[in-house]
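Single chain ahead, written as structure tokens, the form predicted alone.
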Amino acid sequence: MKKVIGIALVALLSSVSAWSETPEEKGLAIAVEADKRGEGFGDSQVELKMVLIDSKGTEAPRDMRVKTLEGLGEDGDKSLMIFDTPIDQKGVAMLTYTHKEKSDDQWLYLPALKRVKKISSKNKSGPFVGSEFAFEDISSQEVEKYTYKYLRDETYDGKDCYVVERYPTDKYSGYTKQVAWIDKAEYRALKIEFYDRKKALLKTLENKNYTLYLDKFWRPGLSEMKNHQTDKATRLEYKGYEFKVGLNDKEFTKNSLKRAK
């Protein structure tokens, strides 16, 4: 009898706990779990084809490579993006230091000018090399950069998802909010809607063709960003993911931008 009462009490407490959880608390818990699922990769690199698509459907491809070093402790990840084509952009490189509490640091190396340019925090909402991705979209999405609110459960692309609103804490963000569809099974971001400073829907990002690496890390094979206000789009095609390749801090410095190959 005591055992039965104990089980009933546990069930009751669990029910009360779930019932008392606010939408804000649940939204944050989902974000924390999604972040936790991605921890421990160490470093990675991947080949990337970025395809710019204008409102008439004309495509302009460019090839690049992306290297990432996982952040430890109080800081976020570091990433280095290097352009290989087209020929007039070969050698262009961007370095990003993601921070959990303050604005990210970003530098752009332009070979034609032979100089490194720091991207101002006030310009993070600007387009990255003519694409539909803003500079702030290129940074790793640290949990601390947003506040959250769980909205509902919903099926998307055949998968059960949490739908969560997140609000950027950076005053220079180009967005008032984002709405993300996170699948319940693996906590992957399948779709994200971006709302501009006028609170109008600006863009939608869809991540597709996820693949599991090292039995733990999910990465998309395709990301598509559609701008609803201009009818332009940018497609990212990923190929050849590699993890734990031995990257270190020396490869992610401002001086390394000029030597990036």
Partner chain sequence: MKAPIAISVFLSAITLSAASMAELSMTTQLDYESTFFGADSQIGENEDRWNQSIALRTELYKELEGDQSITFKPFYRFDEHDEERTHGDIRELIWHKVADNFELKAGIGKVFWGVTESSHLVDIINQTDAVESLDGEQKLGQPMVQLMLERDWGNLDLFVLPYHRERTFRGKDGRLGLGRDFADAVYESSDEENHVDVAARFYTYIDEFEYAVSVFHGTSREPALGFDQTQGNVLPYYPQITQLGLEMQYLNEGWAWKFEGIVRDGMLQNNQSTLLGDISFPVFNTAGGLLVAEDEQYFATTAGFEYTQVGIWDTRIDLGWVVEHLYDSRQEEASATAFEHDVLLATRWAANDAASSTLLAGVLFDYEHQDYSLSVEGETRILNNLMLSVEARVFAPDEENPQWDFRDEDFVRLTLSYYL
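Values in this document were obtained by computation on a predicted structure and should not be read as measured data. Residue numbers count along the first chain shown, from 1.
Beyond what is shown, the protein has a form predicted together with the partner chain; the following relates to that form.
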All three of K177, D183 and E206 touching the partner chain in the predicted bound form at 4.5 Å, heavy atom to heavy atom?
no
From the list E144, D105, D170, D75, which entry has a heavy atom within 4.5 Å of the partner chain in the predicted bound form?
D105
Heavy atom contact within 4.5 Å of the partner chain in the predicted bound form, the stretch among 162-170, 145-153, 187-195, 97-105
97-105
Does any heavy atom of R62 come within 4.5 Å of a heavy atom of the partner chain in the predicted bound form?
yes
May I ask you to check whether K239 falls inside a 4.5 Å heavy atom distance of the partner chain in the predicted bound form?
no
So in the predicted bound form, does any heavy atom of A29 sit within 4.5 Å of the partner chain?
no
If you check in the predicted bound form, is M81 within 4.5 Å of the partner chain, heavy atoms only?
no
Which residues from 240-260 come close to the partner chain in the predicted bound form, meaning a heavy atom within 4.5 Å?
K250, T253, K254, N255, K258, R259
